[in-house]
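Taking the form predicted on its own, here's one chain by itself in structure tokens.
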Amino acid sequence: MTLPIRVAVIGGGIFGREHVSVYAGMPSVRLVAIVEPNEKRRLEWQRDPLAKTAKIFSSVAEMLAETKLDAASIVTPSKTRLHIATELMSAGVDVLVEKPFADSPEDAQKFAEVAAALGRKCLPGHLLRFSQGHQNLKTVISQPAFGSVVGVTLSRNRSRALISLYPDIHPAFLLGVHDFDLAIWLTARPVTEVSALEHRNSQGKVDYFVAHCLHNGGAISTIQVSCLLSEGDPAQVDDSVSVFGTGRTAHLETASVDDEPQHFGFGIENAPLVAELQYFLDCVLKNQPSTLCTPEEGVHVVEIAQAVLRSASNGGEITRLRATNF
């Protein structure tokens, strides 16, 4: 492969714009296409200077018929991602797929199977693995003096407005996927059992849940997620991670990720996204699979999220997950 790498962004909404902004600032990349089915957004992109090198398409099929590319970010609603990823990988395109892979473990598993069958790179977009603060935490707990990880406690709190913005998405799939992924990354172990409870507001929407996860090897992770911060709160983000080892403990206030107020910004200001997309493109350029975040881990995150929903709907009943290794 020669530079520049030809890249497309599938999905031109808020998060798609983040990806476009980063790619547009990379000298090794030529942004050749943006796919957006919404006609109004397509017209907006045609006038947007960020998209000056890109042609705007209404569908992936239309794009593939006219454009040659090497890699693509899929930043569309989760229910559409499997079909789009399959279409792209079948055409020889490597993909980064925003989290979660899919709405169900069955569809998520197909991502890994299709990628393996076609020999394509398929990177789950678990952004926090690329945050400097979280990478520093991982380094600390990997030291011999820390000992074995016994438990991880994760808390993620957001505004009540998220429920209105995403009324049909359970917080486990909207927010919890970050923490399920951090839990398996920090423990380096898959989850074998889940027990969860949830609270619903007066409109019947889940605004709080807590999940206890047992990992292979005995470590325990506790994940608490809420959409209960009011618009008047000075902080619209309130996150933390604590890791308990047999030798030491470590803590990260992720309300100040990377020692900055948690505001990733757009484009090149979004340092974790820049690092994530650069890593993805390095894998594409060097023709090597991702080792920092694998398709199998992306599948497992969806399995955990589904187990949380199942357990919570049954009053906290223990839900066992299939045996997996990564």
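Numbering starts at 1 and follows the sequence shown. What you are looking at is a predicted structure, and each value in this text was computed from that prediction instead of being measured.
Although it is not shown, the form predicted in complex with a small molecule is what the next lines describe.
The partner is not drawn, yet in the predicted complex one stretch among 143 to 151, 80 to 88, 218 to 226, 238 to 246 has residues with heavy atoms inside 4.5 Å of the small molecule: 80 to 88. A residue is said to contact a partner when one of its heavy atoms sits within 4.5 Å of a partner heavy atom; E98 meets this definition for the small molecule in the predicted complex.
When contacts are judged by a 4.5 Å heavy atom cut-off, I304 does not count as touching the small molecule in the predicted complex.
In the predicted complex, Y166 approaches the small molecule with a heavy atom inside 4.5 Å. Put simply, V35 is close to the small molecule in the predicted complex: some heavy atom of it is within 4.5 Å. Site residues R6, L50 and R120 are none of them in contact with the small molecule in the predicted complex, judged by any heavy atom within 4.5 Å.
With the partner removed from view, the residue among T187, T76, Q109, N157 that has a non-hydrogen atom within 4.5 Å of the small molecule in the predicted complex turns out to be T76.
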